[in-house]
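Just the one chain here, laid out as structure tokens, in the form predicted on its own.
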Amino acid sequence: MPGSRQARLTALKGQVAALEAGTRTPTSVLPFGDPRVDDCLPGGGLPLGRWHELASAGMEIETGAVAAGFAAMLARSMAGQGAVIWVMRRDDLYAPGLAGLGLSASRLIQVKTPDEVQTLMALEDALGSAGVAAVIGEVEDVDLTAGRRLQLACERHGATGLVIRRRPWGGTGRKPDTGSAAATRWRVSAAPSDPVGEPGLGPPRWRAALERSRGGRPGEWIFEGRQEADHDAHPLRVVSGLADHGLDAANDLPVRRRA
């Protein structure tokens, strides 16, 4: 049966991706449903049971709003498998806004922590808890040791981590750690929406650059959020492919970042 062959192929891709990434267990994936993206990711989709890093630029490093919206869209498709936990230092998460992106408050647990250390500890505990599908955490930095602890926590019950890099208001940025245990690293910014002939705003859009992908290759796209009624499709769809950095990755050259 074609479906069975496809399932076996997906499982095989996950096992190969796990071997390439060095994880202990085979990795299932969440395909975007677009080969322009899925071909850049190991196993043909966003690896589940691992953690991913989301970052922005400019003031977004302090507000984290754009990356939070992108993380909410990624978590939306996982919410049917268990609880979604959001760990943060600042109490400024707007649940009705997340509901507008299709992430229901009924599946969301918010955890507020006093400092960076407590945030990482709560993030690790949440990722290692049964019944949790995804954990979103807002932290300034994750060093290599903390990243490995997060990955071990992900592997306990298969939860997926989405870590938003967010700096305290007005604070001085830390020197980023040279290593990372994240499966993928995305740099996200806002993109103009398209109202499709109607006055007002269209569906939300994000410009997302996949800067690092273990076992995969970088790329950059414009994503648009789908309506919640599109149950069978990934919550994000590609409206424009901007760049394919596969040639740069193959030649081991530094990845060019667009302004």
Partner chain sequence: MTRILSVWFPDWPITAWTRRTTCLSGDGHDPLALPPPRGEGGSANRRRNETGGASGDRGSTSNASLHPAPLREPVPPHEGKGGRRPLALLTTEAGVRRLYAVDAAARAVGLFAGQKATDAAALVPELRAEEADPPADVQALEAVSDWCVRYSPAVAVDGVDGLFLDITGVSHLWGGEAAMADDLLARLATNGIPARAAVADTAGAAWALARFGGEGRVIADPGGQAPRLAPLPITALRLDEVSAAQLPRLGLTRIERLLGLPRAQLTRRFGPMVLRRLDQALGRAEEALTFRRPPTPWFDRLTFAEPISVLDDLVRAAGDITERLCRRLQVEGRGARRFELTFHRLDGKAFPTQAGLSLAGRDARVLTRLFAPKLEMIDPGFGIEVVTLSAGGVERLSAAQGSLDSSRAALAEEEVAALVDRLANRLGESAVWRAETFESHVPERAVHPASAVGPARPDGWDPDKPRPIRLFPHPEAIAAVAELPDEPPVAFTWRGRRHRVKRAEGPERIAEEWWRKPIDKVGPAFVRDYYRVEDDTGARFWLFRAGLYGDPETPPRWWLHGVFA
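Here the structure is a predicted model, which is why all the values come from computation and not from measurement. Residue numbers count along the first chain shown, from 1.
Same protein, other form: the form predicted together with the partner chain, not shown, and the subject of what follows.
Judged against the partner chain in the predicted bound form with a 4.5 angstroms heavy atom cut-off, the residues Ser77, Ala79 and Thr145 are out of contact without exception.
The partner chain in the predicted bound form is not approached by Glu211, whose heavy atoms all lie more than 4.5 angstroms from it. Taking non-hydrogen atoms only, Val132 approaches the partner chain to within 4.5 angstroms in the predicted bound form. Taking the partner from the other structure, the partner chain in the predicted bound form has a heavy atom within 4.5 Å of a heavy atom of Ala65. Contact annotation for Gly44: none of its heavy atoms lies within 4.5 Å of the partner chain in the predicted bound form.
Along 117-156, residues Gln118, Met121, Ala122, Asp125, Ala126, Ser129, Ala130, Gly131, Val132, Glu138 each place a heavy atom within 4.5 Å of the partner chain in the predicted bound form.
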